[in-house]
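A single chain comes next, written as structure tokens; it is the form predicted on its own.
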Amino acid sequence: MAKTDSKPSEELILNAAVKVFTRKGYSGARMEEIAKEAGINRALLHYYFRDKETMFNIIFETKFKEFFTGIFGAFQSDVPFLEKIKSIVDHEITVLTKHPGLARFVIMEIAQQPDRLIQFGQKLGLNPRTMLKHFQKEVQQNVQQGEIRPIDGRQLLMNIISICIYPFVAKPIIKTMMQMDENTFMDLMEKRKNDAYEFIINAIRP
């Protein structure tokens, strides 16, 4: 928690808000709780941010960009298809290792308002639907060339995303069941980059 004997930065307040929004979601978060997390009073919080919605939109856009820009870049790259999959896996796990609560935060809020995925994507110049169509086309080309076995591009994309993201969404369950501390979990996720890639590639090879 921040000290109150110095003027807080907007970044400090936003970091505190991320923690609260991740725990409670937008609807459950309260300005009083965000102020407490940041170590300031509510009046000072309102000095920086007019209301919860303003703060949330800033955070969500930032986190959305962080979460999706890299994966969109990987999808749009000109590298061979299997290398592209490796890049996607590496990006997802790297970002989520740095920000373990990010997946839960973004997924939870998009689940509440699915149109946010399109709205924020378009705002950043990213179109998820166009990306999916391009990916499906690339999958079909690789199937026809005999590089991978016949598979629905949608299924493959869901498999890739699920394999990368699920451990972070279910981290409390995994840590409890496998008796891991935080460092052990993070070490396992670092090793998972290669393991996940190999698992996916072995599943789609002819």
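Residue numbers run from 1 along the displayed sequence. Just so it is clear, the model here is predicted, and its values are computed rather than measured. C-alpha atoms forming the largest set that superposes within 1.5 Å between two forms make up the rigid core.
Beyond the structure shown, there is the form predicted together with another copy of the chain, which is absent from this document and is the topic of what follows.
K.L.:
Does any heavy atom of residue 152 come within 4.5 Å of a heavy atom of another copy of the chain in the predicted complex?
P.N.:
Yes, residue 152 is a contact residue.
K.L.:
Find out whether any non-hydrogen atom of residue 129 is located within 4.5 angstroms of another copy of the chain in the predicted complex, and reply yes or no.
P.N.:
Because a heavy atom of residue 129 falls inside 4.5 Å of another copy of the chain in the predicted complex, the answer is yes.
K.L.:
Any chance residue 48 has a heavy atom within 4.5 Å of another copy of the chain in the predicted complex?
P.N.:
No, residue 48 stays farther than 4.5 Å from another copy of the chain in the predicted complex.
K.L.:
Taking heavy atoms only, is residue 104 within 4.5 angstroms of another copy of the chain in the predicted complex?
P.N.:
Residue 104: contacts another copy of the chain in the predicted complex.
K.L.:
Of the residues 94, 77, 112, 122, which one places a heavy atom within 4.5 Å of another copy of the chain in the predicted complex?
P.N.:
The residue in contact is 112.
K.L.:
For the stretch 187-203, I need every residue with any heavy atom inside 4.5 Å of another copy of the chain in the predicted complex, listed N to C.
P.N.:
188, 189, 191, 192, 195, 199, 200, 202, 203, in sequence order.
K.L.:
Determine whether the C-alpha of residue 146 shifts by 2 Å or more between the shown form and the other one once the rigid core is superposed.
P.N.:
False for residue 146: its C-alpha shift is below 2 Å.
K.L.:
Determine whether the C-alpha of residue 30 shifts by 2 Å or more between the shown form and the other one once the rigid core is superposed.
P.N.:
Yes, residue 30 moves 2 Å or more.
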